[in-house]
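Two forms of the same protein chain are encoded below as structure tokens; each is given separately, as structure 1 and structure 2.
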Structure 1
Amino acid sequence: MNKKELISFQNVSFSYETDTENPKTVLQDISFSVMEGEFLCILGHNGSGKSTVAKLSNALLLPDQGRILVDGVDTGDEEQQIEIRKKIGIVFQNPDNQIVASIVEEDVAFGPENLCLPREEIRSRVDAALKAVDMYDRRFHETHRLSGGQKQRVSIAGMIAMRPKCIFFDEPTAMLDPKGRRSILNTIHRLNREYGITVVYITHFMDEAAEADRVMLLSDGRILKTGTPSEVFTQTDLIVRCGLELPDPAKLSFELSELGIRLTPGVLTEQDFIDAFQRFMKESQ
């Protein structure tokens, strides 16, 4: 894997100014990096500060303390903000509230139009982006008639068309049904693998984190743990304390351990569980 650092948070703190004089602290002194080409998953419950991380990364918000470097450029540098936003895109939770135009391809073109690209370039980027998310056949459709999953694909295409190095996905599946969830997650993984786009995936669904390269556990504005999915998922008590939920097979393995049966740690998928259980049976006989 490419080891170049794309985004680096250095001792970043952030709090929202509420009307009173006690500002609500969202992030406390966090430091981490996003590597070029990786699939990083930020896990945290609602209010853990995970959405703020996304908005800090492309200079929508600026840190109170510490600094954030994108490709070596400080996000506080106002002259560079557009450049930073070209590199770091965000796809939000509610697809309805991020689609600007009434027609699919016109919405995808919105970003490139803002970048003042020549017409032919916009055309080719829009077509390529729509093909990448399997929406090319529906390029003339009205956006409000699409399903939730399709709308979210359009939002993703709108980001890809800007050719960013990295896209933050802020709970992109929270408002979708299971079918839509699966297809969006597959699309995002494909963008990472085939198009080399760095992905930072923000969620509270642990099963969505299982296939990430790295997982970062965030709770109440602090990073509790960073590592590979199996490294993080084995910290069951930590996860439960964060208000998160283990994937079902891991929950079953946890439940068994409460009943005094300890399978090999690190069970994430159904296959893991079946293998671990068979191994346990063999050993106990």
Structure 2
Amino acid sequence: MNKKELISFQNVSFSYETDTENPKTVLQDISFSVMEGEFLCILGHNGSGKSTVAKLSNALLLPDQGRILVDGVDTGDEEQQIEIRKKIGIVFQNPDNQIVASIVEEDVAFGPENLCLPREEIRSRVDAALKAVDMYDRRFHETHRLSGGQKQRVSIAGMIAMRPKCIFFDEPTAMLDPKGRRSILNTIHRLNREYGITVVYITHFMDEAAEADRVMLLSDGRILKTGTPSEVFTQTDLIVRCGLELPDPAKLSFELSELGIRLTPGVLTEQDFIDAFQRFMKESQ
């Protein structure tokens, strides 16, 4: 079944007017689409324009040139911007900037309450959202006593309770330790896989990008490459030129190949490496 186009950037350019005489150009004539139900990862170094893409997608910002369509609606249509923001949510890297209530379930209820939903519907959405991120047992806990990873889960739950079609995750694991990163990433994949929420995941962690359906490489406001993780990460020179590194399993596989241990091409994740190395050992016997 063909997937529907949910977000469409059409020749979009954007500049921040920090200096009216010398505006800072962030995006330069970029065009791409996000398909309903997909997991798209946007990669790029700091300042490449990743976060600006997120803010443009739900009309927090408007393009200087070109246009952006969300479900076929132009983000520049002021009468439709509230509806667009209901469809496209953003979770930022610091959950403290998004948590507004002192109790977990009250924080998750904040968004639905502002939609003026019936009390029964709010209760149902809050419970479902907390269960989706494995925080239901902590629904009565004080938010300021939660760990960084737990706070991020609450932020995600608050967004889920709004029932958006798509959620942009803007470096949501940047402030977490490796265990917290893995836990949040697993949660986001489950939301995409089991709940059908379209995910646009912004990161500079290459191992996280390796698990996406599609990767878009952004550098200095331009799209340099779009494709599957394998298609993008085989462009080693391009990755390095953008100031990024290959995922650790791919890097290790490359280093082993220089020592004469040639594994199956396309190693991106830890499981890929384990499978390829076991295959190599079996064939070497």
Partner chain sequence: MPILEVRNISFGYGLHTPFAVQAIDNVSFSIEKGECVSVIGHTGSGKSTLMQMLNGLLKPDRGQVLLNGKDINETKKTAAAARFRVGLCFQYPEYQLFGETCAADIGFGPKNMGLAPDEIRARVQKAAAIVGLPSEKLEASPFDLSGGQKRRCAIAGVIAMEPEILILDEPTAGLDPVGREEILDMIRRCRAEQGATIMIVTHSMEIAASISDRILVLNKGKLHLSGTPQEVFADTQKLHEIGLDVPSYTRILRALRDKGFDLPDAYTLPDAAKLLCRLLKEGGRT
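Here, a residue number simply tells you its place in the sequence of structure 1, counted from 1. Computed from a predicted structure; not experimentally measured. Just so we're on the same page, rigid core means the largest C-alpha set that superposes within 1.5 Å between forms.
Q: When you get a sec, tell me if the form predicted in complex with its partner chain is 1 or 2.
A: The chain shown first - structure 1 - is the form that fits the description.
Q: Rigid-part assignment between structures 1 and 2: does residue 127 fall in the same part as residue 257?
A: No - residue 257 and residue 127 lie in two rigid parts, which move independently between structures 1 and 2.
Q: Based on C-alpha superposition, what is the hinge rotation angle of the smaller rigid part between structures 1 and 2, rounded to whole degrees?
A: The computed domain rotation is 24 degrees.
Q: Looking at residue 280, what is the CA displacement between structures 1 and 2 after core superposition, in angstrom?
A: A shift of 7.6 Å.
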